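Form predicted alone, single chain, as C-alpha cells, below.
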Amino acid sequence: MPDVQSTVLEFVNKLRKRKIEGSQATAKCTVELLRSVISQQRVPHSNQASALIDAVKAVGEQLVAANPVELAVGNVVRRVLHIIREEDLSLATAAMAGLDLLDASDDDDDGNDHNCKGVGYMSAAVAAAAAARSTLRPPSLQTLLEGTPESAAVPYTSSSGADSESKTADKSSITRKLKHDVIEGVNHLILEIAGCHEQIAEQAIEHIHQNEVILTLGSSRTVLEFLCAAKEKKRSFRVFVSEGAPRYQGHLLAKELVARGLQTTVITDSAVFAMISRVNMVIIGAHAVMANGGVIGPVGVNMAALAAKKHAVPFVVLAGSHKLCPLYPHNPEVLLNELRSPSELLDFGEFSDCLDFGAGSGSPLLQVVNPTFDYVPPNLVSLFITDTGGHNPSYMYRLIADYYSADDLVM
C-alpha cells in the first residue's frame, strides 16, 4: 500500500498543474484521498476525533493551497470534517444514554425481562444519537413548517475530550466504532457526489415544458444531463447555446446536444441580449454557489443574468451539493477568479509589434485579460436546483448550514 504522504503530494501536484478538470471529478478524488488518510491514520484511545480532525485539516490545507480557485476541494474537506464531528457526537451521546439507562436499571425489580432492557437501551441510544445530530445544525425549514417537536437538548461530551473519570468498557467500543462510522459516512458522500447529475436530471420534467426555448452558456455535464432528461420524457424544446469564447466550450455542448437529438442553435456571446426576448428560461451550471446565494460561473454568465432580469426571464442555476460553499464572496480566503493564457485571445506572432515595450514606459502597450469565471449576485438568480431539490436563493444559507460545522469554515 503506497504511503499516504506520497499519495497526498501526488494529488497536490495534479491540482497545481490543473490535471483534474471539473468540480465533480475534483471533489470525488479529494474525498477518496481523505478516506485513505482516515483509514490509515493511527489514532489514540482518547481524543480520537481530534486526531482525525487534525489529520484531515492538515491534508485539506495543502489541497486548498494547491488550487484555491477550485472551491469544491475546500467544500468536501469541510464536509468530511463535519462527518467526523457528527459521528463523534452521536456515539458519545448514545454511550451516555446507555450508561444512564444501565444505572437506572440497577434499581429495577429483579423480575424484569432482560430483553426489554436491551430494547430500551437500543431505543435510548438511537434517540440520543438523533438528538445529538440535530444539535449540530439549526432545524430545517421542513421541520419548522411541520411543527415537529425538537428533541430535548442533550449535553455534548465528545469522545475527543472525555475525562479519565468516564473510562468504562463502552469507551473502548466507541473508540473502535468511530473510525468505522466516519469511513461509512465518507463512502456515502462519495456516492452522493457521483450521483448528483442523475439526481438533478430527475427534476428536469418539472421545469422544462413543451415548445420552450432554453438558453445556456459554456459546457456543463449537469446541464447536458438535465436537458437530455427532459428530452427523454418526450418534451420538445429548443436550446440556444452561447459559444463561450475564447475557449468555445459551447461548441462542445452543442455537439453533444445534437448527438442526443435536441434542437440546438449556437449563438455568439454578444448576441445573448438580442436573443433573450425569445427565451423562456436561462439554465446554467455553476462552478460554485456561495453562502449568500451568489454564483460563480463561466465567464459571460453575469451578462446573461442581467439580460434575463431585464426581460423577466427565469435564471436557473444547477449545482450539486459539493458546489455549495459556506464562505462569502468577500472572505479573504475566497479566490473568485483566475486569468488564463492570453494566447487563447491573440496570436502572439500577429500582435508582436503591439506587445513591444513603449519608449520609457517600462510596460507593454497592449495588455490582454482573459478571466475564467464570472460572478452573479443572488438578486439575479431565480432558482437553484440541487440534488436535494429546488431552492430559492434566500434559502441557500440554511441549506449550506446543514452540511458544514461553524468550526471548520476557516482552515
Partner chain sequence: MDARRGPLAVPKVRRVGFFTSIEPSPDSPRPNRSLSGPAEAITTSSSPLSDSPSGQFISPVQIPPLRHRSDNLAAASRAAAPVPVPVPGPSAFRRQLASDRALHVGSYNPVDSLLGTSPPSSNGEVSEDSGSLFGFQRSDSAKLSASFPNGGFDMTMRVRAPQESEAKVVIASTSDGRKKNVEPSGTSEPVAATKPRKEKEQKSLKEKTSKAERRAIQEAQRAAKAAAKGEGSKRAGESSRAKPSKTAKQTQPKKDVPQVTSSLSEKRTVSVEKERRMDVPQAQMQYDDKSRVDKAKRRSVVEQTESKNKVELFLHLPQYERGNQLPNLSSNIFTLDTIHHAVYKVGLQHLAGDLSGDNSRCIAMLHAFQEAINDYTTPPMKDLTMDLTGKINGYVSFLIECRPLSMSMGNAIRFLKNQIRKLPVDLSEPEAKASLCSEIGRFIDEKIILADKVIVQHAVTKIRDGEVLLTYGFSCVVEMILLYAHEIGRKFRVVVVDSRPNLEGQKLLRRLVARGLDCTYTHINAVSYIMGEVTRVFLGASSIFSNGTLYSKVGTACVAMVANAFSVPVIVCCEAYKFHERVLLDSICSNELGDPDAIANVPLRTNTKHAKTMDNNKNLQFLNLMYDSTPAEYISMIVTDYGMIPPTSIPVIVREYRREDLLL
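Positions refer to the first chain, counted from 1. Everything quoted here is computed from the prediction, not taken from an experiment.
The next section is about a form of this same protein that is not shown, the form predicted in complex with the partner chain.
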Query raised in the report: Does at least one non-hydrogen atom of G185 fall within 4.5 angstroms of the partner chain in the predicted complex?
Result: no
Requested in this report: Give a yes or no for E206: in the predicted complex, does one of its heavy atoms lie within 4.5 Å of a heavy atom belonging to the partner chain?
Outcome: no
Query raised in the report: Is T264 a contact residue for the partner chain in the predicted complex, using a 4.5 Å heavy atom cut-off?
Result: yes
Requested in this report: Flag E198 as yes or no: does it have a non-hydrogen atom within 4.5 angstroms of any non-hydrogen atom of the partner chain in the predicted complex?
Outcome: no
Requested in this report: Sort through N292, N280, S236, S270 and report the residue having a heavy atom within 4.5 Å of the partner chain in the predicted complex.
Outcome: S270
Query raised in the report: Pick from Q41, Q62, S343, S46: which residue has any heavy atom within 4.5 angstroms of the partner chain in the predicted complex?
Result: S343
Query raised in the report: Looking in the predicted complex, is the partner chain within 4.5 angstroms of a heavy atom from every one of L178, P378 and A401?
Result: no
Report task. Heavy atoms, 4.5 Å, the partner chain in the predicted complex: which of 284-292, 220-228, 243-251, 88-96 makes the cut? Say which one. Result -> 243-251
Query raised in the report: How does the C-alpha distance between V334 and R85 change in the predicted complex compared with the present structure, closer or farther, given a change of 3 angstroms or more?
Result: farther
Query raised in the report: Do N75 and L335 move together or apart in the predicted complex, judged by C-alpha distance changing 3 Å or more?
Result: farther
